[in-house]
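This document opens with one chain alone, in C-alpha cells, the form predicted alone.
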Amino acid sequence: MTPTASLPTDIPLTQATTILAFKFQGGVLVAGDRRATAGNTVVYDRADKVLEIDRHSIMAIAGVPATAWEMARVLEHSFQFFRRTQLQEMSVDGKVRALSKLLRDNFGFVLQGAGIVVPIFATYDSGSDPAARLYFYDAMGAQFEVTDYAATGSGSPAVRGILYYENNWGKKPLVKLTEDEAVTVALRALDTAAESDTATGGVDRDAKIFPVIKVVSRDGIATLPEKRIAAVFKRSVA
C-alpha cells in the first residue's frame, strides 16, 4: 500500500474571530474584534477582520486570515473587472454567489483541516428596491440572507444571544437604533464574548485597542474613527 500524506496537525493554524453585523437606522453596522490566535497563543492583537471589497460591500472574516484575505483580494479584483468591462456594478446576487464559489473552491483545504473561513457579507442594493443586505455563510459556501443580524466565529454564541435580546427586549429593535446606539450594542456584545472566549479580544482597556467598526449605507462605506468608538465605550459601556 502507498502511504498517504497527512497534514502536520500539531502545528496550530492562525485563526481570527469574532465578527458581527446587524441592520440599524443608518444601514448595516459591521464589527470585528482585533485578536488572532494560534491554539492557545495570541498571535496578534490588531488584526483587521472587516474588509472593504468595493464602494458598497464589506466582507468580515472569521477563520484563517491568510485564506480569507486572499478571498477578499480575489473578490475585489473580480468586482473591479466586472465594473470596468461591463460599465456597471455587479448585481448583489452576483457578488453573493462569487463569494460562495470561493468558499466552495476552498472546501478541499477545509476537509484537510486547513483554511476554514466563515465570513459575513454586507452590501447596499441600489436596484429597483434599494435596501441594505446582509448575508452569512458556512464553510461550504451556502449563503443565508438575514433580516436583522449575523455573527460568526468562536465568540458568536454569546454575541447572537446579546443581539437577540436587544432586538426583542431592548429599548427598541436593532433596525431603529441610531449610530451611537448601534456602536454601543456592538461593543457590549464583543466585550461580553471576550469574557467567555479567549480567542475574542473584545476591548483591551490597558492597550486601548478597540474593535474595527464600519457602516455600509446608500452613501457607501464609512469607517468609524477609533476616537469616536473610544468615546462611546467610555460613555455607554465602561
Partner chain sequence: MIEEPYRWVEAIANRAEYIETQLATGSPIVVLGYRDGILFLTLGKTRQKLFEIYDRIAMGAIGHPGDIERLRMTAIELASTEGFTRSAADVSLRRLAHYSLSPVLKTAFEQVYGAPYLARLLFAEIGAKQENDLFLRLDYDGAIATNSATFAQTRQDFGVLSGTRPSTELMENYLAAEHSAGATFERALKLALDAWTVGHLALGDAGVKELPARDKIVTERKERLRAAGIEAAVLDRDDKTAIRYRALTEPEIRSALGD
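Being a predicted model, the structure only gives us computed values, none of them experimental. Positions refer to the first chain, counted from 1.
Unshown form predicted in complex with its partner chain; subsequent notes refer to it.
Listed stretches are 103-111, 135-143, 82-90, 157-165; the contact stretch with its partner chain in the predicted bound form is 82-90, by a heavy atom cutoff of 4.5 Å. None of Asp48, Asp180, Glu70, Asp204 but one reaches within 4.5 angstroms of its partner chain in the predicted bound form through a heavy atom, and that residue is Glu70. Its partner chain in the predicted bound form comes within 4.5 Å of a heavy atom belonging to Val74.
Within 4.5 Å of some heavy atom of its partner chain in the predicted bound form lies at least one heavy atom of Arg55.
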